[in-house]
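Okay, so we've got a single protein chain in two different forms coming up as structure tokens, structure 1 first and structure 2 after it.
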Structure 1
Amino acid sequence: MQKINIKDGPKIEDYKAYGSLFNLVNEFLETTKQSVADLKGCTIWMINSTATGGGVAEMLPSQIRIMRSLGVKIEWMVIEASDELFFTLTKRIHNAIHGSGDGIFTDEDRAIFEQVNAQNAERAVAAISDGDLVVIHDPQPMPLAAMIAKKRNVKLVWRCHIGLEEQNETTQGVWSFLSSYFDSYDHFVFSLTTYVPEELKEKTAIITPAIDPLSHKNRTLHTDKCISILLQAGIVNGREPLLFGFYDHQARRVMPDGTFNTVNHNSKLDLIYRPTVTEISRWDRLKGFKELMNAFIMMKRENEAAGDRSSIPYKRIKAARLVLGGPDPAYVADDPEGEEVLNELIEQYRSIDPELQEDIAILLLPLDNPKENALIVNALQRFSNIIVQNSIQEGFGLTATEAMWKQRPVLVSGAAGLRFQVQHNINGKINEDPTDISSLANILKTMINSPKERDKWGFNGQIRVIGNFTLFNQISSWLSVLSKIR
């Protein structure tokens, strides 16, 4: 078990200095006063399985920083595990909650699950005092609750960041495996009502994920800064960056023959001059990359076959480019599934006409430096006219939240978390079925050719995020839940 230090970062006043956040922050300070007072004297412990990578690790530092500035005592600990079998098991648990796999978990699985947690329990207990509040995130550290409860008189909360709306044999299997740990918890937190297992409904609060508007992934970037980041990362080329040097590791692009090379090696991506449609996600089949590439190709082909060549709509579609961005496998130690999905996409890409290959960029983003990765994602999102999240299934879909915050119109599937965030024809469009290629192609075409609508949707998207999905909305929900169960 390792305690994580929180670095300095933006303060309440920094958020308040933004006109669009001013009222939100003031209201937040007002409404959280009572809960903060109710939590005096106890420490909140956040426990998860990683300090880097993934939504939980991304959100915790800024949440903790803000809570501390309100006077709340809060700490973060991460479980340590060296047993490969543990991670294989917890990945299977994760997938099963999403409905995939066989949902069969054995006594040996349980032994590994509990053994790794038992190795972490002693240090957790040593740090925690009677009267504290412990929040355990996701399945990996779930068995810790009972081990802590044996030695300390504390309230325990399980925060589950994943879920599936429908139940099937697999989800039933995994929930039945995990249910033996439910009794150790006083309360539960899920992201959406529809993810909550029936037996937990009475004891569950809903807190949606959220973005930090001033993090490197979301902070405002002026055009020169944005272009500089793209230059530093090798996505734009042709000159030296003025203020800072090139990043140690550059973005790479899949070449027509399936190899990887610098982004503009074979043909210019031309990102900053063209209408650009972008999806950035992990290489996961459920993110719907393949379907999006097919829809983009269909749109292009139909345009060539039937478009009026002298018209602006024809020219817009002709000029449009698709960016599919995700982690460079060189920096992801343990994701064989991700590499498999990337390879499938590469195979698909190799089979298309050379002219279309120029219009589609599969970008591999370096992950060695989290700040640089965040800035690259930020700059790519800001240079996109449309951000797509074509997920077949989606826990929540922070990429849509990030895009809306940046006033970028979104095109999302009807997957639960996305449907919950995006309002059709208000902040973008929902294409209910991500596998319906012709409907997706049509919506893409309409969006590319509706510049004024896009501006309006983008603008509305930011308002939607400010009202519902920022750090402040999230912290105030947490404080309210925790102060009630104390």
Structure 2
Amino acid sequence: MQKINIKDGPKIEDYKAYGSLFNLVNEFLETTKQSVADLKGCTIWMINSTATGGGVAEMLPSQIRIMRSLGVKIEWMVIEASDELFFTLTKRIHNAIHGSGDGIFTDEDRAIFEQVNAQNAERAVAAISDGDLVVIHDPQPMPLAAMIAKKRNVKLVWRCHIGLEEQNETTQGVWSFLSSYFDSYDHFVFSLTTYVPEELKEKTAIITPAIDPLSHKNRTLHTDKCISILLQAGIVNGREPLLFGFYDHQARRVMPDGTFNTVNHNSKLDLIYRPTVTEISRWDRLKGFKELMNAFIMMKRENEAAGDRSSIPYKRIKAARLVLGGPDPAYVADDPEGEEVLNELIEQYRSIDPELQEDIAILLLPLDNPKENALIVNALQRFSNIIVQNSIQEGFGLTATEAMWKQRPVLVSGAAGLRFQVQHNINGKINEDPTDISSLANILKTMINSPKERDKWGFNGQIRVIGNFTLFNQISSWLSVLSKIR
């Protein structure tokens, strides 16, 4: 078990300095006063499985920093594991909660699950005191609750960030496996009501995930800064970065033969000059990368076959680039399938025509420096005309939230968390079935050739995020829930 230090970052006054956030922050400060007072004298412990990669690790630092500024005592710990069988198991659990896999878990699986958590329990108990509040995130550390409760008189909350709206045999199997840990918890938190297992509904609160508008991934980047970041990361070239040097580890691109090299080694990506469609997520089959690539290829081929070569719509599609970005799997300890999924995408990419290969970039983004990674994602999103989240299943989908905050139009699937955020034809487009390649290709074509509509969708998207999906909405909900169960 490792305790994570939180670095300095934006303060309340920094958020209030933004006119779009001013009223939101003032309301937050007023409405949380009583909850903060009720939490005096105890420490809140956030426990999850990794300090880098994924939405939980991204959200916690900002939440903790702001809560501390209000006078709340809060700490963050991460479980440690070296057993690959543990992460293989927890990935199967993750997939099963999304309805993927067979949902069958054995006594041997339970032994692996509990053994790793038992190895972390002693340090957790040593840090936690009677009267504290412990929030355990997602399945990986779930068995810890019973182990902590044996030694400490605390309130325990399980926060599940994933789910599936319509239950099936697979989800029933995984919830049956996890149900033996339910009694150890006093309360539960899910992202959407439809994700909550029936037996937990009376003890569950709903808190939607949210973004930090001033984090490195979301803060404003002007054109010169965006280009500088892309230069430093090796995504664009042609000159030396002006103020700061190249990043130690730069982005790499899949080459036509499936190897990795510098982004512009084989052909120039030129994304700052071209209409760009981007999806950035974990390498996960549920993110719909494969289907998006197929739709982009279909759009390109149909444009060549039937487009008027003198028309602007034809030229836009002809010039368009697709960027599929994700982290180096070596840096994401709790995602053993990442490299396997990436290799599947590479094989798909190797099979397409050389001319189309030039229009598609599979980028492996370095994650050794979280700040640099966040800035790269920020710059890529800001230089994209359309941000896609084509998830087959999605717990919530903060990549869409991030894009809307940046006034980028979004194209998302009908996965529950995405459909909850995006309003069709108001702040983006929803393609209900992410596996419907023809429909996805047609919507991409429409969006690329609708620049005025894209401006409107982007503007409306930021307004929706401010009203619903910033860390202030999220922290306010957390403080209310925790103060009531203390």
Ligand code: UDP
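Every residue number counts along structure 1's sequence, beginning with 1. Values in this document were obtained by computation on a predicted structure and should not be read as measured data. Rigid core here is just the name for the largest C-alpha set that superposes within 1.5 Å across the two forms.
Here the form predicted alone appears as structure 2, and structure 1 shows the other form of the same chain. Picking from L364, V174, F469, L24, the hinge for the rigid motion between the two structures turns out to be F469. Of the two rigid parts of this chain, the smaller turns against the larger by 9 degrees between the two structures, per C-alpha superposition. We note a C-alpha movement of 3.0 Å at T90 between the two structures, with the rigid core held in register.
Core-based superposition between the two structures puts the Cα shift at A111 at 4.0 Å.
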